[in-house]
Every structure is written in structure tokens, then in C-alpha cells.
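Single chain ahead, written as C-alpha cells, the form predicted on its own.
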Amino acid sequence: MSLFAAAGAVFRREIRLFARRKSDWANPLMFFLIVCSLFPFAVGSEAERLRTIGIGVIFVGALLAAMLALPRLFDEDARDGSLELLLTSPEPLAGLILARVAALALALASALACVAPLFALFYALPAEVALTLAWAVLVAVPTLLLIGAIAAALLVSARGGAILTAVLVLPLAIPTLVFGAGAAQRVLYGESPLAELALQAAFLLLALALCPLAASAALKISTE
């Protein structure tokens, strides 16, 4: 079996599991909805105030929601023994991990990107800002998942792994947070967001090149 065929099989398996177990993507989505809904109660309903904090609240909420899905990458497979099959596969482990992250990103990033514009309007943000924010979330979530795959692999089956994963991943996600939120801020003030979006895309490409390799090495170390 070629690498593309093996990665495609892993990708299709993950998509089928998402279709069966809706809680895998529904729980992060519900967390995102709750976080974005609570802030107006805390700061009031003044439109200017909501507009000031809206971009940051939506973007940080989307990244935190994506964090909830990281333990799903390897923990369940470690419990049922299928992780050993993944490790003993003749195909490169980095390619198989990339396929798993791609399936998770497809399900989660698309859901969060679809909901983000609705909350942008809820925070009195213009429609063009909402669209830019949706695009920034669509790029930021896969970046976070790629970085998080390293921590999830290193801490697979570890006690308290979810908290440790957040501690390791969130500081590394600051660049995509700055560029993504900055792009929406640019549109809000009538400027072009292309520079920030290009930097965000470059950070995603860097994560695509390096994170699967690092995650495969971390997974081998943690399972030895």
C-alpha cells in the first residue's frame, strides 16, 4: 500500500468516526458558543464596547474550543490498542498523523468558521470583518491542531495530559492568534488584511512541514 492510499484510508476512517460520534465536534462547538455568549453579559450590551472586544473573544474562543479536541488524536487509540498498529505500519508515521489531523481540522475548522461570522454580527462587527474572521479561524484551527499534535503525542495516556497539552500548545499558538485577529482588526479600521493573512498562511505551511515529523518522533518516544 502506498503512502497516499494509507493516508487516505486513515482520513476516511476518521471522517466516518466523526459522522458516527457527533460529540467529537459538537462538544468543542458548544464550548465555543457558550464562551462567546457569556462575554456580553459581563461587559454590557453597548455596541462600541462589544465591537472592541469581539474579535479577540471570538478568535480566542475558537482556539480554546479546538484545544478540547486534541486528546482525541491518540488517547482513544492508545486505550483500544490500535495505536500500536499505527506505530508498526510500514508507511511513514508522519504521513498518517497528518491524515488524522487533516480529518480533525476539516470537521472542526469548518464548523467553527461557519459559526464565527454569526457571533461577529452578534458583537456588532461589520459583515466584511465577519468574513475575514471566518477565514482567519479556518486557517488558525489547523495550525493549532498541527502544533497540538506534538504535545498530544508526547503526553499520550498521561495523567492530566489535557492540562499539560494546553500549557505546551497555547504559547506556540500566539503567532497565529496575533496574525488572525490582526487581519480582522485591519478590516475593521478600513485597511487591507493581506499582510496578516499571508503571515498566518506562512505559519500554517511551516506547521505542515515540521509538526507531523515532530509528532511522529514524540509518539515513538512516549510509547517506548
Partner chain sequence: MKLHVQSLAAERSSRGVFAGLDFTAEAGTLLRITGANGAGKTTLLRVLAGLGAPADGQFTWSHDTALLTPAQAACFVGHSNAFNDALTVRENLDYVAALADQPRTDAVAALEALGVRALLNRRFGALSQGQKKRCSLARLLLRPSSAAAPQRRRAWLLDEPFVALDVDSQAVLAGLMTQELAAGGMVIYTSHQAVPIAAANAAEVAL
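All values derive from a computational prediction rather than experimental measurement. Numbering follows the first chain given and starts at 1.
Only in words, not in the display: the form predicted together with the partner chain, which the text now covers.
- Under a 4.5 angstroms non-hydrogen atom cutoff, the partner chain in the model of the complex lacks Cys114 among its neighbouring residues.
- Using a 4.5 Å cutoff between non-hydrogen atoms, Ser89 counts as a contact of the partner chain in the model of the complex.
- Although the partner is absent here, Arg21 is a contact residue: one of its heavy atoms lies within 4.5 angstroms of the partner chain in the model of the complex.
- Interface residue remark: Ala102 is not counted as part of the site for the partner chain in the model of the complex, having no heavy atom within 4.5 Å.
- Exactly one listed residue, out of Leu96, Ala107, Ala130, Leu145, brings a non-hydrogen atom to within 4.5 Å of the partner chain in the model of the complex: Leu96.
- Within 4.5 Å of the partner chain in the model of the complex, a heavy atom is found for not a single one of Ile34, Arg49 and Pro126.
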